[in-house]
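Encoded as C-alpha cells, the following chain is the form predicted alone, with no partner shown.
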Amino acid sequence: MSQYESLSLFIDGKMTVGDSGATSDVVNPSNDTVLARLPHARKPELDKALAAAEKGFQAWRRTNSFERAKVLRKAADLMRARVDDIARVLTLEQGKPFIESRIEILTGADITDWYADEGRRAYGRIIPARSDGVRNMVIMEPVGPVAGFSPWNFPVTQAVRKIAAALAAGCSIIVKCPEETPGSPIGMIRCFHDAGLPDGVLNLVYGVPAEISEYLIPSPIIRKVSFTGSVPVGKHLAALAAQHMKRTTMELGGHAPVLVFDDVEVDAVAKMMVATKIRNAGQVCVSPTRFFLQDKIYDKFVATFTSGMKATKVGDGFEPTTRMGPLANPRRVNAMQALIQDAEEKGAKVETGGQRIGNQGNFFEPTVLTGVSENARIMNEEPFGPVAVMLRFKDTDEALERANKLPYGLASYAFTKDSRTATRVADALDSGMVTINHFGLALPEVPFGGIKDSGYGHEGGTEGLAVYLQAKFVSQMG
C-alpha cells in the first residue's frame, strides 16, 4: 500500500477528491487485493474541469511554441527521473512485468519529447495571389479544448499520446483515464504539472465512463474528442460527437493477421512472434492473433511457436523471471475461456494452454489453437488476450483474401525474404499499418491508426499533431 499512489482527480492545477463521495476499488490483478479507493467525478467536478480547460486554453494558445516545447521537454525529463516509481505503480495495478512497465513510462517520455519538437514545426503556408498587394496565408491554429479517453492496457502511453500532441498544438485537454489503472496516469500527470504547465491546461478525471463521455462531449467548450478503446464504444462516441460537429480521432480494436511465407527462417520468426504475442498478456490492439502459415513451414512453425508459448513464465510482474503477467481483470479471463470453449466445440485443438492458472489473480496460460473453424468466435472477434490461432494457406491470393476478410483494419504483419512478395502484400493488406519482417509499430515519429471498424485519424507522427490543428485562411490587402 505504501508503494501505491494517492488517488485523486486533477482539476485546474490541483489534486482533489471532489465532493460527490462516489468511489470504486482499484484491484491488484495478481492477488485480488484492493490497492486503494478511487474518487469519481460527477457533474460538479466535470463543470470545474470544463471551466478550467476553457481558461487554460486561452492562456496556452497564446504561449509560443518554443515555450510550450520547454515545458514538454521538462515533463519528459521528469518521467525518466521518476520511471521506477511510476512503473512500480503501473505493475501493481495493471499486472504487466515491471520491465514492460518501465519501457512504457520511458516511451511516454520519448513521445512527449518528440511532440515538444514537432509542435515548433506546425507551419502554415503562403499561397501566390492573383492581384498585386494581396497576401494569401494559411495559418494553423489549435482546435480548442480536447476531451481524451484512454484505456487500461497502456494507461500511461495511450494517455500521453493524446496529452503531448494536444499540448504541443496549443490545446488544453481533459483526459479521462481508466478507473482500473488510475495510479500510473496520476504519476505521469504530476510530471507535467511539476514541469510548469499552467493551471487548467491539463485536467484528469475518473468516474463512470458513460456519464463522463456523455457530459463532456456535448459541451460547447469541447472542440475535439480522442478515444482509444473498443469498436462498439468508439462507434457510440463518434455518433455522439457527430451530433455536435466535434472532430474525432478513433483508435479502436484490431484482429491482426500474420502472413508467414515458406522462405523465412522459421525459428527466428516464431521466437519474435511469441514475444510479440505475450506482450502485455496479448492485451494489445495490434497483438498478432491470426497466423496464416504457408504449407511447407506450417508444421515447424506451429511446433516452434507452441514450444515458446508453453515455456513462457507466467507470474507476478515483480518476479524477475516473469515474462507474462496476469490479465487485467476477471472479465478478460472469462472472455478467454468462452472463446476457447467455442473454438473447441467447433473442432479446434488446444496445442498448449487454454486454462486459467490458479484461483488467485487473473493468470491465464498462453494458448495456441489449431484446426479452428472459420465461423468460430475467435476468428471473428478480437480476443484481447494471450491466444494465437494457427491457420494453413497455399498461395498468396488465398492468404490475402482470408487476412482481409474481417471488418477490422488496424495492423497486419508479414514475413518473407522475397521483395516482390513483400511489396505485393504491403499493397494488398487492408490495414492502416503494415509491418514486414519485424515489429515496426507505435514509435513516436510514425503514424498509428486504423481503417474500417478499427477507426480513423492517427496518433503519432506529424499526422498525430495535425488532428489537433485547424487551418485558417487569411487574405490580406495592403
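One-based numbering along the sequence shown. Because the structure is a prediction, the values reported are computed rather than measured.
Below: the form predicted together with nicotinamide-adenine-dinucleotide, not depicted.
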Problem set entry | Distance check, Lys246 to nicotinamide-adenine-dinucleotide in the model of the complex, heavy atom within 4.5 Å | no
Exercise. With a 4.5 Å heavy atom cut-off, would you call Gly253 a contact of nicotinamide-adenine-dinucleotide in the model of the complex?
Worked result: yes
Problem set entry | Contact test in the model of the complex: Arg332 vs nicotinamide-adenine-dinucleotide, heavy atoms, 4.5 Å | yes
Exercise. Does at least one non-hydrogen atom of Gln341 fall within 4.5 angstroms of nicotinamide-adenine-dinucleotide in the model of the complex?
Worked result: no
Exercise. For the chain seen here without its partner, which of 90-98, 131-139, 289-297, 380-388 has a heavy atom within 4.5 Å of nicotinamide-adenine-dinucleotide in the model of the complex?
Worked result: 380-388
Seminar exercise, completed: Heavy atom within 4.5 Å of nicotinamide-adenine-dinucleotide in the model of the complex, from candidates Lys176, Lys224, Lys277, Lys162, belongs to Lys176
Problem set entry | Candidate from Cys285, Cys191, Val258, Ile111 lying within 4.5 Å of nicotinamide-adenine-dinucleotide in the model of the complex - any heavy atom | Cys285
Problem set entry | Heavy atom contacts to nicotinamide-adenine-dinucleotide in the model of the complex at 4.5 Å, residues of 225-260 in sequence order | Phe227, Thr228, Gly229, Ser230, Val233, His236, Leu237, Glu251, Leu252, Gly253
